[in-house]
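Here you get one chain, nothing else, as structure tokens; it is the form predicted on its own.
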């Protein structure tokens, strides 16, 4: 608890910085002087954007943790298991057949596709002899590439590539009041993951071990898949894809705190929120007054860390 409070204060400080960083002049002086434009930007854009950053970062980090436990592999997360690509195929499906569907409908369809894609990934893992832990993310990346290729072909065939790219690029610049509230569902999903953390830990030890302890293995796995798929779909439908977040954060926290999920899950959520806040602030400052989408910023950070994990694992095996 003595370390947890400073971490919360750090997140609060980053959130405060996020409120006052951007193209529009939103400063304490402007707010104190009753600047109507500054007040409008703060209420309609900055506050919703900050909440969206925190909710997305925390939920995606927790979803990545669940994914790694179910697959029993440190290199797995929604963007390396075909989950994100499946959700994007669901978004494309909605664009083709129900373009006027509200965001909640897009999220439900994307959830169904993400659930199917993730379940297919886990089923493939059960059929393939895994002699190296590096094969697991490789299979997930190949599966995601196949699904992504199908999605790209259909989008190209119906001239929807630009629209799909706009949906899939992780970007919080378009977050406004009334367009982010769906992300609060991720808070409920994160709490559900924390409540069921012990069950996910047991399920990660295998079906036989889980059954011997009196738990229903299929039910626990299904719950984990639903949480991962819904979190991914909500984030994709609202702000787009943020690659590698669910890979980086659980591994960083595990290096520091070990593998006690019940104890580390709050830290994983806080670290995910903090990293997303920092990357978004960096994206707003690097080429100000323009912005670099957070999907691009975190894609660079995450890919470097992913390579580090692969090389670290390879050196241990050697």
Partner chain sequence: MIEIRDLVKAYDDSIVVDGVSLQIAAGGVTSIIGPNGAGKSTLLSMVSRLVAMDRGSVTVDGLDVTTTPGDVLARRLSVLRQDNHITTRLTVRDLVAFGRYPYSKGRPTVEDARHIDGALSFLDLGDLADRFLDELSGGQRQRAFVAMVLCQDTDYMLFDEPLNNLDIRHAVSMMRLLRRAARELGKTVVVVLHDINVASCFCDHIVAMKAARIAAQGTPEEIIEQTILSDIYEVPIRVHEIDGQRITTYYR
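Numbering follows the first chain given and starts at 1. Note that the coordinates shown come from a computational prediction; the quantities given were computed from them, not determined experimentally.
The protein also exists as the form predicted together with its partner chain; that form is not presented, and the subsequent description refers to it.
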property: Three-residue site 72, 214 and 259 fully in contact with its partner chain in the model of the complex at 4.5 Å by heavy atom; result: yes
property: Heavy atom within 4.5 Å of its partner chain in the model of the complex - the one residue of 44, 286, 31, 255 that qualifies; result: 255
property: One residue of 205, 124, 188, 138 in contact with its partner chain, assessed in the model of the complex (non-hydrogen atom, 4.5 angstroms); result: 205
property: Its partner chain contact at residue 173 in the model of the complex, heavy atom, 4.5 Å; result: no
property: Heavy atom of residue 198 within 4.5 Å of its partner chain in the model of the complex; result: yes
property: Residue contact check: residue 209 to its partner chain in the model of the complex, 4.5 Å heavy atom; result: yes
property: Residue 37, heavy atom within 4.5 angstroms of its partner chain in the model of the complex; result: no
property: Stretch in contact in the model of the complex with its partner chain, which is absent here, among 288-296, 54-62, 260-268, 274-282 (heavy atoms within 4.5 Å); result: 260-268
